[in-house]
Ligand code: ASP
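Single chain ahead, by itself, as C-alpha cells, in the form predicted on its own.
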C-alpha cells in the first residue's frame, strides 16, 4: 500500500530558529530543513515541505492564518502539518479549526526549546505529528477530531489546547478535556473524541468569513481596575479603531462594580464578549446578583463567552465580525459554547 502524502507547511517559530554569529537565535530554517532533521519521516510518509513564512508566531496576523487556511483547503495531501511558534499556537490552531473543514488530519506543532539546545523538542514533535497524521484511527476520524495540536507525544483538540507554561517542555495542556490521544513507542493510542457541536454551529454561521480585518480589544480585569481603557474607547468616534471587545472577567463572569456603567456603554457601542480570565470552564449565568454580576452583565447586553478562554473568544469574535454577522447572531454563536 502506498504511503500517505503529508504536506508540511512551515511558518517559523522556535522550531525553525538558528543561532547567528553572536549566538542569538534567529528565524532561519525552512520546511526542508525541518524535514531533513528527522530522517525517519521518509519511512513513514511522502513529505512535501513548503516554507510559508519565517516569523515568530507573536508576529503572525489573522490575515496570514486565513491565507494559510485557504492553502490547507486546496492541498491534495493525505494530511497537513503546520509548524510554527508556540506563542500563539492556541489561537492560530483554533482559528484554523473554525476555517478549515476537510476529511484529512490537520495538525499544528511547534517546539518549546530551540535546536541549539541538547534537549530540543522540535524534531520529536514533528515526528510525532507525522505519526499522528498517518495513523489509521486518526485518519478515519479526521473530520470528528478537527484541527489538532501535537506536543510532547500528546494530541489535543485545537479548540481546547492552551499554552500553560512559557518555557517547559510540557508547556501545553487541555485543562477542560485532556488529550485526544497519546503516542507510545511508535503507535498512537486513542483516548477520546471531542464534542464539536459548537464548532460546527459556528462554521455554519461563519461561511467563508471573507471580510477584512476587524480589530478586537482584549480588556483584562484585575483587582481595582479603573476602566480608563474603556473610557478611552468610548471617548472616540471610532472606538480607537476597534470593532469589538473581549473582557477577561473575574471568576464566573464578574467585573468591579465601578465599571458597571462603562461595560454597559461599551456593549451598546460595539459587540462585547465576556470570558472568564480563569481560562477553563463555562461561566455562570444566573447565580450572583449585584450591578456587575453575571446576571446584570447579561442584561446589559454583553455576550457570554461560555467555556472559551479569552484568547479564543477574541479569535472567534474577530472571525464573526469579519464574516459580517450581526450582534444577535454573534451572541448565538457564542451561546453554543456553554
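Numbering follows the first chain given and starts at 1. Quick caveat: nothing in here was measured; it's all calculated off a predicted structure.
Here the subject shifts to the form predicted in complex with the ligand, a form of this protein not shown in this document.
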- [ ] Heavy atoms, 4.5 Å, the ligand in the predicted complex: which of 29-37, 307-315, 55-63, 271-279 makes the cut? Say which one.
- [x] 55-63
TODO: Verify the contact flag for residue 87: yes if a non-hydrogen atom of it lies within 4.5 Å of a non-hydrogen atom of the ligand in the predicted complex, no if not.
DONE: yes
Open item on the list: With the partner left out here, check for me: in the predicted complex, does some heavy atom of residue 188 sit within 4.5 Å of the ligand?
Closed with: no
Task: Contact of residue 319 with the ligand in the predicted complex (heavy atom, 4.5 Å) - done: no
TODO: Spell out, yes or no, whether the shortest heavy atom distance between residue 111 and the ligand in the predicted complex is within 4.5 Å.
DONE: yes
TODO: Residue by residue through 204-232, tell me which have a non-hydrogen atom within 4.5 angstroms of the ligand in the predicted complex.
DONE: none
